[in-house]
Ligand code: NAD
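Next up: just one chain, as structure tokens, the form predicted on its own.
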């Protein structure tokens, strides 16, 4: 594992600057058919037992960021429930195999998180299958680029808010009765919360909301010993980008405007989620950890 997260290296060259060809996948997109392929940590993430015996539920865990976090958590000793859309089954099976190869339990639960009943069922099944719950990662997200507000449909605005905000609320509310002191909740926000792209009005709105939800809930749950934090990724190469998450003409330059000059790979986000889930971050709550290649943010 010469390229693992503990290898001393030049961050500008850890991964090559990619120039993805123009490509299109139907929403939600699959890692399996993405060009070029992503690094989710299958060969590059090395665990050290930091989450031994923990039980995690991760939404959007089949590909991209969620898959990298699931793999890292398993390598660190946690059992993992994967939440994803039914259309993403092939990617989810791959991640499950990697988790099981690490000697941990993988539970796959497909379903659409726009449905509040599905969100509650997801939590209940995760608790039953894992024997409890210690870590909740609200990561699932919907992102579709639209050039003009007039072309942003009521249906898309509703679906984006339900996937990115409502589901986080429903799942967190359902999970709280099962979270003991020492448990953690980690929400995926975005650089879009601070620096919104003109084509991502609905998505950026939800990401700013996730920041505020995180900071408010962290204060509410602190006396109960439950920590709430967020991670704000910058431009990471995932299937979200090619399933209309970015304008097609922008793909060849994706991520190259960051100070590091390249897009991030999903596995580069995993250590942030591991840190916030582990006891090492016991005095960190209400924090948004920016992992964005150097783009200035508050």
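Numbering follows the first chain given and starts at 1. As the structure is a computational prediction, the values presented were derived from the model and not from experiment.
Omitted here: the form predicted in complex with this ligand. The next part is about that form.
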Listed residue that, although this ligand is not shown, lies within 4.5 Å of it in the model of the complex (heavy atoms), from 81, 183, 214, 189
189
Interface stretch in the model of the complex with this ligand - options 70-78, 135-143, 215-223, 172-180, non-hydrogen atom within 4.5 Å
135-143
Give a yes/no on whether residue 209 approaches this ligand to within 4.5 Å in the model of the complex, heavy atoms considered.
no
Is residue 63 close enough to touch this ligand in the model of the complex, meaning at least one heavy atom pair within 4.5 Å?
yes
Answer for residue 271 alone: is it within 4.5 Å of this ligand in the model of the complex, judged on heavy atom distances?
no
So, in the model of the complex, is residue 114 in contact with this ligand at a 4.5 angstroms heavy atom limit?
yes
With the partner left out here, if you bring back this ligand in the model of the complex, are 199, 260 and 296 all within 4.5 Å of it by some heavy atom?
no
Within 218-234, which residues have a heavy atom closer than or equal to 4.5 Å from this ligand in the model of the complex?
233, 234
